[in-house]
Structures are given as structure tokens and as C-alpha cells.
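Given next, in C-alpha cells, is a single chain: the form predicted on its own.
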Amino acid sequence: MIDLVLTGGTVVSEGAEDVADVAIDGGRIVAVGAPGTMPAAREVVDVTGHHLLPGAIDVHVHFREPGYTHKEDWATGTAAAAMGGVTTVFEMPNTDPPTRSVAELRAKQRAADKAIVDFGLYGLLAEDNIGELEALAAAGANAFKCFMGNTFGNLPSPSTGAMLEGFEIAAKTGLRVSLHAETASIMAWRQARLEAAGHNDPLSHIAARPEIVAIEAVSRAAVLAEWTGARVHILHISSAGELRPLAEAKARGVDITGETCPCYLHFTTADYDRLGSVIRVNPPVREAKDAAAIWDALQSGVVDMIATDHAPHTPEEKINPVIWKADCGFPGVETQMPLMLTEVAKGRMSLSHYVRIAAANPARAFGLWPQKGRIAPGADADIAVVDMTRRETIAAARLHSRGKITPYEGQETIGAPVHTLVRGVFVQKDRTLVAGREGHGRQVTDIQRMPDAAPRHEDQSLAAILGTAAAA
């Protein structure tokens, strides 16, 4: 007798929607088939009228622990994920201390013992920890994060020389390098000039970080990745201009992927007067033409996936008449699925395409496929059971994150995950968090399978040259 059967639902894949039952045992899917054909189970849950989606994989969250737990911690962050139909998260390294060494990675693994959903951990790629990268990979880092531009935590951006060496090392590990792709020197110069001139309004944030900072950074990162064979991922795509170097790099065969976030699809400069500093995020929300171009790129595949850059702060930290003093970012891991399902309801994309960008593509890019990102025999039973007709209104006070402020306040959504299962266990049921699930989440290191990186024709890496010189 198996553990669980979900019966009567519509299973959604990248290419189809089929009414089917799903049998689960030992945390894995053991069968998907016609209703009534599943083996006997200890529990049968009727999900008739609902859609079964692979749980979303959010490769870009900030859970703030250690160092900033008044904003978020692993218990509250993963609770928000569970409520949002997100079954795997990748957590960023700009905590205090940053995740720059094996000792700091181990500390974060201990903090993540509270996790409700599965998770990956980023190690930092910075100027001063190049010598730590191989050890971080060996100790279980799931990816690297490189801050080409400054954001919360004010970690120094590495020089291009350090980036090149870091990419060389990352290429050997096979792990993907995710990039905050904005050019630090341009932004620092422009912000200083704006502040000196007394420009403190919300739109000045865009003036300090114009589209060119993303265009230059994506172009530079793509060239470095092409030369080294490193896998790279462009985080939070916000502008039309950066789509061109991204698409051109893909066409040249560079292993480069890209994500956007709901705020870059739903908001524009027209919202700054209404939202003020609440909308401040790095990179900034831009013009309507940028949102339209990103929508098109998300449909065409130039942008591979949806993520959230879940970045909670307190209301006091977000609201400030001086834009430079308002913290950047807001919660997103709980609202992403309802917001994107609303776009499905509007006819903006198909449900199958949403599965591709929210689950399947992230799983492939970060080495979790085929164990995650699909509903099929052998895969982890990570499932969001979705009611496509359910209407809800976003309210910060009801979010499970500690960050009780959102630019989506009062927005009605259509479609919500009514149950969330992580490896066959309900972590959210009937739109209520299931008690006692802290610690159920596990790190995905034990399943991560990164294929070999594209070989270089000739090893001109700094490590090889220094090794040759030492041998001589």
C-alpha cells in the first residue's frame, strides 16, 4: 500500500493538461494515470476541479538569516514559500556575515534546519574570496552569486579581473553563477551627483541606475562566460536593452539563462507617484516599453524563468521621503504564483507555459531536472494543487513573511495554490500552513546533477598558468 493518491485533478506539464490521478510513495511520484487505476493508498485526497502543477522553483530569494532576522528568517521565509506554491528556493549570500567561506556556508546550513520547503544555497563570488570557491562547491554550495552592482548589504563588486578568475574556477565546478548585472561604477557616480544636487524623489532611483548599467553588465558577463565556459544566470531582468546581449549570447552558444520578476511585468514608472519608496527595488522598475519587451521575451524563451527576488524589510525601513534611505526590495515568494496565474486567467499565457517558466526551466538550469520541475514517475512529489477560479486580495498583514509591506497591496488575484506538497508531504493545505513542518525541507545538493561544462579549446585560465609557472 502506497502513501497517497491525489485523485480527479488535471495534471499540467509543459506541453499538455490531462485529467489524471497521481500516486505518491516515499516522497516520490510512483504513477500518473487514468482515474481509478492507481494502487491502494493510506490516504486519498480528492482534488477534482483543481489543477496539479509542479511546485514552483524560485532561484532568487533573500531569507536574511543570519544577521537580519528582524526582516525574515528561514522559518518565516519558507512558510511564505509553502503558502505560495513554491517547493524549492535558492537563497542568496548577502546575509551578515555573507556566505563567502565554508564556515559561513555551514552556519547557513544550520540556520536552514528550520526550512519547510527544499532549498539551495548560494556561495558568494567576490574579490576577496576567490580562493574559497572550490571549497564552497565541495562543501555543498548549489550556485555562486556575483554582485556586479551594489544592493542590500553593500557588498563590494569584484573587478572584471576577479570576475574572470572566478568564472574560470566556477566553470570547473559546473555550478551556475547568478549575476546582479548592473555596473557598479556608473551607478555610484550618478547617485553621488544626484544626491549632491538634492534629487531625492523616487524617480531619481532610475536616474541613478539607467538601462545602460544592465546592458553593459550583461554584455560583459556574457563575454566572460563565453571565454571561460562558465554557466551564468542573469537575475531580475528589468529592461528591454539587456535582452539583446542576452539573446545574442544564447545564439552564440553561451550557457546563459535569465529570469525576470513579477514587478518588472506589472509596474512601470507610472506607479512611482502612487507607491513612492515602497516600489524601490534593485534594479528599478522601468518604463512601459520595458515591461512589454520582457513579456515578449518571457513568451519567446529569451527570458527563461520567473523568480521573485523575495527581499523583505520592515515598513519603517521601506517608507522614507528620501529615496536613497529607503531599503530596496519587498516580499514576493508568496505572491508570485497567484499573480502569474492571474495572467493565465487573463489569457496572457497558457498554464503549460507557466509550468515551464516557474518549474521546469529553473530545474533544468540549476541541475534539479528530472527529479524536480515535473509531475512524472520518479520525480519528487513537489506539487501545487491550484484552484484556477479562487479570488483573493493581496494584503501585507496576511503575508507569512516578516516583511509586512508590498506594492501589491489591495490587488485582486485569480487562481491560488490551495494545497502545497513537498516530497509528498502537505506543507500547506486548504490555504492554511500545516503545523509542525519546520525542518522538513532539505538541501538539494544530494540530487543536483550539473552536466559537464562546455570545454575550452585551450586552458588559458589563471590557475593553469600559475600552476605551470610553479612547476617550472
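Numbers follow the displayed sequence, beginning with 1. Here the structure is a predicted model, which means the values were calculated and not measured.
Keep in mind the form predicted in complex with a small molecule is missing from the figure; the text below concerns it.
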| query | finding |
| --- | --- |
| 4.5 Å heavy atom contact with the small molecule in the predicted complex for all of His62, His180 and Asn282 | yes |
| One residue of Asp118, Glu242, Asp309, Asp380 in contact with the small molecule, assessed in the predicted complex (non-hydrogen atom, 4.5 angstroms) | Asp309 |
| Residue among Arg231, His313, Lys108, Lys372 with a heavy atom within 4.5 Å of the small molecule in the predicted complex | His313 |
| Thr151: touches the small molecule in the predicted complex, heavy atom cutoff 4.5 angstroms | yes |
| Partner proximity in the predicted complex: Ala360 to the small molecule, non-hydrogen atom cutoff 4.5 Å | no |
| Contact test in the predicted complex: Asn94 vs the small molecule, heavy atoms, 4.5 Å | yes |
| 4.5 Å heavy atom contact, Val302 to the small molecule in the predicted complex | no |
| Stretch in contact, per heavy atom within 4.5 angstroms of the small molecule in the predicted complex, of 268 to 276, 394 to 402, 77 to 85, 322 to 330 | 322 to 330 |
